[in-house]
Each structure stands twice: as C-alpha cells, then as structure tokens.
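Next up: just one chain, as structure tokens, the form predicted on its own.
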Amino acid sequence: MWAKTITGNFANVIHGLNKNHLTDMVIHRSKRMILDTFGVGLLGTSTEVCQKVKQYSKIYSSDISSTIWGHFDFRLPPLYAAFVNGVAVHSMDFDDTWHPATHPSGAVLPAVMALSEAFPQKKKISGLDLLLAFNVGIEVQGRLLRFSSEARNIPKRFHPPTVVGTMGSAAACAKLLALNQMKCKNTLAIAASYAGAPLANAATQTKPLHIGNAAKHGLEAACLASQGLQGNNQILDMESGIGAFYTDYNPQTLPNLQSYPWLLDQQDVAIKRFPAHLGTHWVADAASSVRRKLVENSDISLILDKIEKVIVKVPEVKYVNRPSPNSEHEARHSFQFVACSALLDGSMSIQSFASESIHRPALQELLCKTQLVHPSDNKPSFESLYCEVTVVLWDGNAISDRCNTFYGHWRKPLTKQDLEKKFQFNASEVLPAEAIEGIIETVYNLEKVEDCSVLNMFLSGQSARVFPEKLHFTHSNS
C-alpha cells in the first residue's frame, strides 16, 4: 500500500529499493564518484583544518572503531570517523558537485564506510550493499532538492549539503542498517533537526565542517532511530519540517518502486580538476584560453605591463566575489583570483592556492586590474551559467574567450584516464602505490566484492600482501 504522506513515501522507497534496482549507468557513475571522493578525502587529510578536527576527535573513545583515511595507526568511533573523513573530503573544496547545487558524495560515503565497520565481524557488508546504500543517499538528496525551484540556483543563505546531505547520509545509513519503514521515517525526522548551516562560513576553515557534520549527523540519526527514538513522521510534508529551509517548498511523492528511475541515471555529477568553488571552473577554462591567445607570439611576462584591465563576466554570486583574497579558502571562492591565476599560469592546480602563489606580486597587480560584470542573461545556476573573460590592452586591443561548459562538468565529464590520474595524484600524498592500485581495482569491481572491509584496509594504507584472503570477487558472466 502506497504511503499517504511524503515522509512515509520516502521511507517506503528507502526501505524498498534493492540491489536489482541499480542500473549499469548508476553503478558506473557512482563508482566514479566514490573513487574521486576517496582521492580528495585522502588528499584532504593533510590540510590544516583536518589536522585540527582529528586532534579534537581524539578525546572520544569506543570499543568500536572505524578507519581514518590515510592512517594505519589511528582509528575513531564510527561517528567521529565519519566526521573527520567528511571534513577531509571538503577541506579543499575538491569534491563533486551536482545540480541542483550540492556536494552529494562527501556527506554519504564517509558515513556508510564508517558504519560498515561497526557491524559484527560475522556480518559482511558486500560491495553491492555499499553501492545500494550510497545511491539511496545520493537519490534522497536529489529528490529533496527538486522540491524547490530556488534550489536550482547557486545558494545564497545556507550551504545545501548541511540540509540535503544530512538527510542523504541518514537515508544511506538507514538502508545499510536495514531499518524498517517506521524507523526510516524516524531517521529522516531526527536528521532534519541536525540540518542547516549559514553560507556566511564559506571561504573559511569552518565550511569543511559542514560536510563532516552531515556525514556524522546522518549516521547518528540512523543509529538513534534504530534504538527506537521517534520524531515527527511528517517531517518532509511540512513547511516547519524540511520546508523551513525553502520559501517555495513543494514536496512530491517518489516514483513507483516497480521500475524506479534514479536521478543519477538521468544526470551525472561534475568532478573538479582543481580544488575550488565549482563556479570558478568556467572562469579557469575561459581565462586559460585567453592566455593561450595572448602568448601566441610573446611571453606572458612581456604582456602583463600592457594589460589595462581584465573583465570577467559571471553570474552574481556574492560569496565568490572576492577581489582581494588573503587565504587559500578565500582564494578558492574568488572569481577574480582564479581568472588572474589562470591568465598568469595557463591552468589551475592544487599549488595555485598555496600562500606563495596567492601573494606573488604579479598576481596581486593583476587582481587590481580585474573587474566582474554580471550580464542579465547569466543566471547563477550550475546548469546554465557561462563565463567570458576579456583582457583589454593599453593599445586598445581586446582578447576574449567564453566558456559555456568546462571540462569536468556533467555535460563534458572527465575521461576514465583523467579521473584515475586525479585520484592517483591525490592519494599518492598519503598512501603507498599498492594501496592506491588496490582501491582502484576494488572500486571498479565493487558490485563483485564480497566484503568491502578490504576498502577500509586499503584506505588505511595497508597493501594486498597483508590480507590476500579478503580479496574475493564474485564471478559473473557479464
């Protein structure tokens, strides 16, 4: 019998979706998301903000512990493993982005990975179990975002992963725990009371905590619901529930389970090539193209003094309008910084946001010549925005180029080779080569993996030689 409420409908779908519902496209895209998220999370373990939250989390102890990515000898209770690994994923703003706007994987993957280690040893969590729970968490986020038209634009008031990410993490953990419909409803209700964080903390060390908290709080909500804690069983139906975050909240029932259409089947995610706000990726590609035109017959150092101004046409997004960024976090949220860096260097990288890169005189001089323009047709949506960069020279000549879709956007996804290169580069900062190759092989074969604890072992830095008995893949004819 189909539920009479939106919340009951969501609970039925969370409970009812099974491995047979997963399509080849959903499995393919979610594997790419998982591999990319592991990579940016591993790289993020070395950031200052991640070091601080690891130190803070050491005050907690438990008989049950889960892996902290990139650490062989440091484990934490599942809630705080989800928190630390979630912070690591978003610590450099390097994680995937979806439309309507959110970072879908970082809130879910650390939670289900931590929870997978909390089960009794005799209960193995298979790769298919993990894929299903992960995709339930992604799906819930996408469906909730589609209950609001304003969610389709780049946010202005709150950071979306703190709302839909918390709900997605909760749904994923409820699925992994095999909670019944009533407990799934309570999971969503409890998670809603953990949701929300103001966007004012963007471009600070606090923003990565949003993803860590979403992972932790979703896991906590599912665990509390499993113990019988109750909440409002119409949390998704009410304006005072999840509707509190959206002025135009209009919830709808989910499709029938008989032939369930996954949102990830219909639209891929964007996977970033460099660690910064997604909107800056249009800027980087446009500015890099202008740079190539500028240096066709000359060296960039000879051209810099000839530049009168740099005009960057982008949507009006106030928290990414930062003309004079002073820190790596501010630089990651600055249209101006990325435009000038790409003009100077020809491309963006992790090193672009190092202190010495941010404060170099040539860049600071170019920033002073840069201005943003907000054309009326350039809407603040990751689906439709564009960037046009124009360099005006003192002699009156102007060189321009426009980016409508950057490489890495869901309309122009990274190749498998480039995705792997990104993962390998990121993971090599903290893991040995054998563990890196082990993660790649395991993720690509996830639907055949009998015991996904092997992933956590690789993520801690162990090699296949330590536990050959765990490398069991089921064989199929496909």
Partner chain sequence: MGAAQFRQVFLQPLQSNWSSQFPPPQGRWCSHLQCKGDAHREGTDLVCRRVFKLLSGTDSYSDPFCRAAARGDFFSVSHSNDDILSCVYKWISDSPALVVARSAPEETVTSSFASFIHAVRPEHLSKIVRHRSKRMILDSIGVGLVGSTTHVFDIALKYCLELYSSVAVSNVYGKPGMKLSPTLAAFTNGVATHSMDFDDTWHPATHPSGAVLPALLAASQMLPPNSKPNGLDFLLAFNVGLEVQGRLMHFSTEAHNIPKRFHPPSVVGTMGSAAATAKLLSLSMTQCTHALGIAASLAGAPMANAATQAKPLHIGNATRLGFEAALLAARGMEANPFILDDISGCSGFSAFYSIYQPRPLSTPSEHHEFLLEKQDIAFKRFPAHLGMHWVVDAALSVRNLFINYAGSFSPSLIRTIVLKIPVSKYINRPFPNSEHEARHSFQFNACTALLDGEVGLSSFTESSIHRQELRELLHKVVVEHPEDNVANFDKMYGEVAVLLKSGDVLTGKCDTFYGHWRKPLSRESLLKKFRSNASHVLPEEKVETIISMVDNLENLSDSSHLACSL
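For the two forms, the rigid core is made up of the largest set of C-alpha atoms that agree within 1.5 Å on superposition. Positions refer to the first chain, counted from 1. All figures in this text were calculated on a predicted structure; none of them were measured in a lab.
The same protein has a further form, the form predicted together with its partner chain, not shown here; the description that follows concerns it.
When contacts are defined as a non-hydrogen atom within 4.5 Å, all of Arg32, Tyr194 and Glu239 contact its partner chain in the predicted complex. Residues within 4.5 angstroms of its partner chain in the predicted complex, judged by any non-hydrogen atom, belong to 264 to 272 and to none of the other stretches in 340 to 348, 371 to 379, 301 to 309, 264 to 272. Note on the partner interface in the predicted complex: the residue among Ser148, Gln205, Thr405, Ser400 having a heavy atom within 4.5 angstroms of its partner chain is Gln205. By the criterion of a heavy atom within 4.5 Å, Ser453 is excluded from the residues contacting its partner chain in the predicted complex. Contact check for His71: a non-hydrogen atom falls within 4.5 Å of its partner chain in the predicted complex. Contact annotation: Arg157 falls within 4.5 Å of its partner chain in the predicted complex, judged by heavy atom distances. Taking the partner from the other structure, its partner chain in the predicted complex has a heavy atom within 4.5 Å of a heavy atom of Val89. Contacts between stretch 228 to 244 and its partner chain, counted in the predicted complex as any heavy atom lying within 4.5 Å, involve Gly228, Leu229, Gln230, Gly231, Asn232, Asn233, Gln234, Ile235, Leu236, Asp237, Met238, Glu239, Ser240, Gly241, Ala244, listed in sequence order. Core-superposed comparison between the shown form and the other one: CA of Leu43 displaced by 2 Å or more. Between the C-alpha atoms of Pro413 and His21, a gap widened by no less than 3 Å is obtained in the predicted complex, as opposed to the form on display.
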